[in-house]
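Shown next as structure tokens: one chain only, the form predicted alone.
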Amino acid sequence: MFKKKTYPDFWNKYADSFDNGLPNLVQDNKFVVLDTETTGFNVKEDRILSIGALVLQQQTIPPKQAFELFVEQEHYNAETVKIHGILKRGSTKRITELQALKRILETLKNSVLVAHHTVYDVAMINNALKRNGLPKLKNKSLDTASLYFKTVTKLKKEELESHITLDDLAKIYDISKKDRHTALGDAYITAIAFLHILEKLKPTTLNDLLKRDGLFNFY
């Protein structure tokens, strides 16, 4: 007989939160907007250095629910310091990868995860979960890159094939880039862009929003 695998209490509480499902209306949902700063762009080999997250609910961002975590990592790439500025041995307080995952799961619970190019951030978190003996994220996901194109009625072929960046969205929606390339700063830009996108799309139900995004499945 196979012994059932046991998980820590914080994972069980996270998993149990999905028993009740999500609200039908967009306005009744809790969105958690996040961003990861990493050692590189290889989701299998690279590691998370920092995670920034904030809650978006009823079109407001409660300041006390926003946070930025810095993660201890032996894996390091000096080249990416030019982007995120996180040094291998800095004075910033860092926590273990498992502690960071616990904080993220406690915040996420059964909310809708929002990021810019969500597939990458979710893959990085899922690989971190796997390294720590935990299952993948269970949340529904939305991608501001994908949703943005749904707000534009006429696109040229080259625009449809283009790679919309967070800098592009910041310029389009006139969002300050003061804290660009910090995890929390990028999460904030993503959240404001998401609010602009919601105003354009005016979705009523969460199901409608998820279908427009195209990221209906879990990762």
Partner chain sequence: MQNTISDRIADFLKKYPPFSYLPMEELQTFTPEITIVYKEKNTIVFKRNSAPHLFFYVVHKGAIGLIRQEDGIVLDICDEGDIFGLRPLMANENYRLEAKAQEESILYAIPITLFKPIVKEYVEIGNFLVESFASNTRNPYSNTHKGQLLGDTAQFNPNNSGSRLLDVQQVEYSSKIISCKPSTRIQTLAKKMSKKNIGAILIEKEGLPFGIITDKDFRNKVVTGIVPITAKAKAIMSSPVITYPSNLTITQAQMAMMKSGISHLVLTEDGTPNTNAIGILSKHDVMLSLGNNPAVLVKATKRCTQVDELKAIRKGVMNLLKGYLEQNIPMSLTSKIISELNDACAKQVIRLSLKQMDTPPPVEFAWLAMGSQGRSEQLLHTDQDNALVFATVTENNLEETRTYFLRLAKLITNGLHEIGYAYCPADMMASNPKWCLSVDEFKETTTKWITNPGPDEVLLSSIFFDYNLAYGSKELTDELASHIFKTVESYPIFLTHLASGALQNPSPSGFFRKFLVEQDGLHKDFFDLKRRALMPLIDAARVLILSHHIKGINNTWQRYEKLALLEPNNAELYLACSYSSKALLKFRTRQGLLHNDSGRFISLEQLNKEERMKLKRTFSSVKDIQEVLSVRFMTAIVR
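Keep in mind that this is a model prediction, so the values were computed, not measured. Positions refer to the first chain, counted from 1.
Just so you know, the form predicted in complex with its partner chain exists too; it's not on screen, but the next bit is about it.
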property	result
Non-hydrogen atom contact residue 166 with its partner chain in the predicted complex at 4.5 angstroms	no
Its partner chain contact in the predicted complex: residue 182, any heavy atom under 4.5 Å	yes
is_contact(residue 199, its partner chain) in the predicted complex, heavy atom dist at most 4.5 Å	yes
Close approach of residue 41 to its partner chain in the predicted complex, 4.5 Å, heavy atom	no
Within 4.5 Å of its partner chain in the predicted complex: residues from 40-70 (heavy atom criterion)	54, 59, 60, 61, 62, 63, 64, 66, 67, 68, 70
